[in-house]
Ligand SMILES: Cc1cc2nc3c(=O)[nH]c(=O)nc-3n(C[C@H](O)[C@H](O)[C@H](O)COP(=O)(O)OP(=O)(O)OC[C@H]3O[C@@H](n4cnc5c(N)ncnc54)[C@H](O)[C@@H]3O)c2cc1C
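Quick heads-up: it's one chain on its own, the form predicted on its own, in structure tokens.
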Amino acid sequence: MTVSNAARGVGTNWAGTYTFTAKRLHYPRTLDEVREIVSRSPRVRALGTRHSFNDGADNDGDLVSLADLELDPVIDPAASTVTVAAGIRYGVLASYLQQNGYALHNMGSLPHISVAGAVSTGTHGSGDTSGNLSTAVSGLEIVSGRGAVISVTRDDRDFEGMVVGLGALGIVTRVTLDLQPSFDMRQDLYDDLPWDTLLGDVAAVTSSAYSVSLFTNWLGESLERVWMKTKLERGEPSTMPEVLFGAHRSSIEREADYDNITVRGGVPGPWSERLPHFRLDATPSHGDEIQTEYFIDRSNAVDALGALRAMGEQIAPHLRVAELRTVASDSLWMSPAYGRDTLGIAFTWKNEPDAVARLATLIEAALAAYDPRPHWGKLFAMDAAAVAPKYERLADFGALADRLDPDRQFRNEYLERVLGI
């Protein structure tokens, strides 16, 4: 087991826009080493791949990275599941599964994120009928309060409260995920989708492929880009139309200067190299950025998008890009998609902290009538008074955290500020 040099500090998130305050960072290799750290630390949290923009993983004591945890993926063909070490990155796992003829139902845009970090925060991919990444979880192993080891499956009480656990229940060490047979996909880009077309039938656009992402700067009469990920079935046509929903096939997918993006232009390839937006071996997104994201009921999409378009002149000068994606409803207590089919509205901002903080408050006010839920790992202004009413199982979650963590080893300022637990 290795421990970082406390004098150097733990460092920053991947974008350099948040600096961790924890005193120590541990890299255990075995379950017993994780238990040892937890048993002697009064304050401890799990740290994933740092692809977050707030203090959710931070504290004033010890952080534990699972990046070195020893456990090769174990596929169970009979159950169609895979069990992995919590710190494995999705891109590494996806490549392994593809080589063995299996697939996950969904992936986030960044394959760099860890499995446990993603599922613990309800992180998502895209698709009208696809649940977020957490919905594939069928089993968990957690080192909870005082170093106790807990193993749970979907058959266990409170399982649906433990998957999106926000680090409040302990250190997740193993995750079991549902699998399906491998499949191929293609990606196609279209430019200048008229807002009137989208708002006239949001469902028609978002259901037109396995995964659909819509990009906008909130200005003008058209969205800048539609990014479609189509699952290739037997008999799938080899071409896509030049015009779709009034949008025209993009020329950008043939340009060579987007070398951090997965292959587009309709070229067929395995799901593992098409579902993510970005390549595992490249820096994702812009890097020097801040992100916010809000989730609303899809039934409110037209009005909510209209409210944001009205703010376009305020938003655009500070924005790199905004992305719209859909997520299917689920029953995980603390999932942003709990109980409702969801539209995710994500903002990738320039690294302008003061402007982003101000705009987050304004955007939350504009969306307030549509009951927005924030992405747990991104920057938002809402406190517990605003967030708590959005989660009907929050009291149950707080009671579960008290039972599994009686000494409050895993609590931090974030959980108190955001959830009041």
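What you see is a predicted model, and the numbers here were worked out from it, not measured in a lab. When you see a residue number, it is the position in the sequence shown, counting from 1.
The same protein has a further form, the form predicted together with this ligand, not shown here; the description that follows concerns it.
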property: Per-stretch contact check against this ligand in the model of the complex, the hit in 307-315, 184-192, 106-114, 199-207 (non-hydrogen atom, 4.5 angstroms); result: 106-114
property: Option touching this ligand, based on a heavy atom within 4.5 Å in the model of the complex, out of Leu367, Val356, Ile37, Ala46; result: Ala46
property: Interface membership of Glu289, this ligand in the model of the complex, 4.5 Å heavy atom rule; result: yes
property: Touches this ligand in the model of the complex: Thr326 (any heavy atom, 4.5 Å); result: no
property: Partner contact for Val226 in the model of the complex: this ligand, 4.5 angstroms, heavy atom; result: no
property: Contact label in the model of the complex: Phe53 to this ligand, heavy atom within 4.5 Å; result: yes
property: Triple contact flag Trp14, Ala57 and Gly167 to this ligand in the model of the complex, non-hydrogen atom at 4.5 angstroms; result: yes
